[in-house]
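Just one chain follows, in the form predicted on its own, and it is written as structure tokens.
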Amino acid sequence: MRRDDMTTLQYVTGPSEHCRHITLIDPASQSPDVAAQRVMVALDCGTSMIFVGGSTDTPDAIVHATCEAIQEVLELRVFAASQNPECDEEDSKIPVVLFPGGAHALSPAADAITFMMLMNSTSRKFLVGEQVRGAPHLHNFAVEALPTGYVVCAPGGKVGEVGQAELIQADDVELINAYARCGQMFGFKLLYLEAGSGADSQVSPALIESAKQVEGLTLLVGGGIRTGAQAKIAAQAGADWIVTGTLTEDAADLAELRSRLSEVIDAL
């Protein structure tokens, strides 16, 4: 559910006093109802956006059901806030954004999509192939596209393997700057630096600092961030948004999820 007074792109790229947090929900990792419950906890903790996606083989029916369930609970929360004079209903209006593994994982129930080029892939499929397949559907759905350059950094994990990425190493500071500059020239508005889902290390702060030197790009950083200290490292290096996913999936229950997310978000 996006705010009425701005597009999702304006919301994502707009100024903020601090680095903001994105909760990534993988539809393959839980039922739509559980996903909705986790989103409510994340919202309580201060998350500012929901990504839906991640797995490469999740069918669109599951993705769609998950988006619908999340949108329903957000609408209920906004309504409840509107009935309470001490609450600001705008605080519950956060966008639900597709973060797809391919053109098969789309939904008209999303507010927007990270329309991505996996810039350091060696496969046409992830450079432009899946995007060409998905574009007509997104047009028909009227889902807002967020032009995004996606760069996989070491260790890369499953996304690096499946995406056939030439991984950016921790000391490739000039190379990541060149990728950022290239994304700027393509007209991308977002640049996402990804270490891989469940990675044992996060994106090097030196890479974040180098990419941040290129103006006009909103910087998203994800992969390997599990603690408040790690989130703070990425934020201080220049990340505009921090993305966590495994943190949510691995939580034993909602109480543990609340504790984990609060630590990370409070650090920002």
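Remember, it's a predicted structure, so these values are computed and weren't measured experimentally. Numbers for residues come from their place in the sequence shown, where the first is 1.
In what follows, reference is made to the form predicted together with SN-glycerol-1-phosphate, a form of this protein that is not presented.
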query: Heavy atom contact within 4.5 Å of SN-glycerol-1-phosphate in the model of the complex, the stretch among 30 to 38, 59 to 67, 239 to 247, 204 to 212; finding: 239 to 247
query: Residue 149 within 4.5 Å of SN-glycerol-1-phosphate in the model of the complex, heavy atoms; finding: no
query: Distance check, residue 12 to SN-glycerol-1-phosphate in the model of the complex, heavy atom within 4.5 Å; finding: no
query: Touches SN-glycerol-1-phosphate in the model of the complex: residue 235 (any heavy atom, 4.5 Å); finding: no
query: Contact flag, residue 192 vs SN-glycerol-1-phosphate in the model of the complex, heavy atom cut 4.5 Å; finding: yes
query: Contacting member of 126, 179, 99, 188, with respect to SN-glycerol-1-phosphate in the model of the complex [4.5 Å, heavy atom]; finding: 99
query: Partner-contacting position among 71, 92, 197, 184 - heavy atom within 4.5 Å of SN-glycerol-1-phosphate in the model of the complex; finding: 197
query: SN-glycerol-1-phosphate in the model of the complex - contacting residues of 200 to 239, heavy atom within 4.5 Å; finding: 222, 223, 224, 225
